[in-house]
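Next comes just one chain, in structure tokens: the form predicted alone.
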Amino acid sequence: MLLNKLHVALPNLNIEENKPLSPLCTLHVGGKAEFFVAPSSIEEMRILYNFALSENCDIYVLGGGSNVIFPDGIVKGIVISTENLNSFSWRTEITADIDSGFKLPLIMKELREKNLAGMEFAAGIPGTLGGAIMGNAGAGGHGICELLDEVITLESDGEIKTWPINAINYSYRYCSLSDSKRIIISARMTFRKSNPKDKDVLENFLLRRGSQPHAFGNAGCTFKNPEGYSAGKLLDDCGCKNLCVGDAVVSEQHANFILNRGHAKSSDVIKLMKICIQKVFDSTGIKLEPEIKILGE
């Protein structure tokens, strides 16, 4: 039995069965994890990952849950949370080593305390560093990857690897480290001393975030912006605002947000996403690409 083998491989690790996943995702949808674990060290993560490889067991990595959803029902395999990989240490006055589970708002707090800047575009973005790197999260033409010096990963062969920034390709909502099945462990990032203009830049990003819906659970922007277009405007122009499936509804405030009005299921969200993609494609010939990641389909 897989549970018994897990206990043998990691006797000191708390392993939860049938763990509800909806409270761990900001859209508040999804079923239960067959097994859920939150390693507290790189070594525990490495042992767990190698165990999953040896047992041919599916694994899903969960950070802050702000841009992912899980399907309804039981998600077979192991959901690995990075919540306990959350250390932050300054190497120099402007360079820090940060674990993948460290939350972006807390990085912003560290920068404010040291009068540093360079990450204003991330103001108001939830989630953890690992997930942000995987999708090169950002705004206003900037992304988290531009601040990286190097990234440490757990590779699909179970080995630890260090990636210098010149070995990493990134662009809008894309990072080459997401091309294969790997887990981001930590990153080294360099910031800069702040200047008087940074406060205005930060306030502009916060104002932009303030215009987005917050009254209901959501997973941030549902779709990526196609080159030269705004996904929100395309959805709005094609009549997607207020479309709903069950308790999943396209926000009237911002068409690129799907909200959970209370009891939406993951299947409702996925169906609504497909309806929106089809409506935009039928009207414009543009096929929207999801920004939300659907794990365990």
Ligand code: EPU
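As the structure is a prediction and not an experimental result, all values here were calculated from the model. All residue numbers are counted from 1 along the displayed sequence.
The following text describes the form predicted together with this ligand, which does not appear among the structures shown.
Put simply, of 192, 114, 188, 173 only one has a heavy atom within 4.5 Å of this ligand in the predicted bound form, and it is 173. Within this chain, residue 55 is remote from the site of this ligand in the predicted bound form, having no heavy atom within 4.5 Å. For the chain shown alone, residue 271 is not a contact residue for this ligand in the predicted bound form, no non-hydrogen atom being within 4.5 angstroms. Residue contact with this ligand in the predicted bound form: residue 49 places no heavy atom within 4.5 Å of it.
Using a 4.5 angstroms threshold between heavy atoms, residue 94 stays clear of this ligand in the predicted bound form. The three residues 139, 253 and 256 all sit with a heavy atom within 4.5 Å of this ligand in the predicted bound form. Heavy atoms within 4.5 Å of this ligand in the predicted bound form are found in one stretch of 235-243, 35-43, 263-271, 22-30, which is 235-243.
Residues of 220-250 lying near this ligand in the predicted bound form, listed in sequence order, are 220, 221, 223, 224, 225, 230, 232, 233, 236, 241, the criterion being any heavy atom within 4.5 Å.
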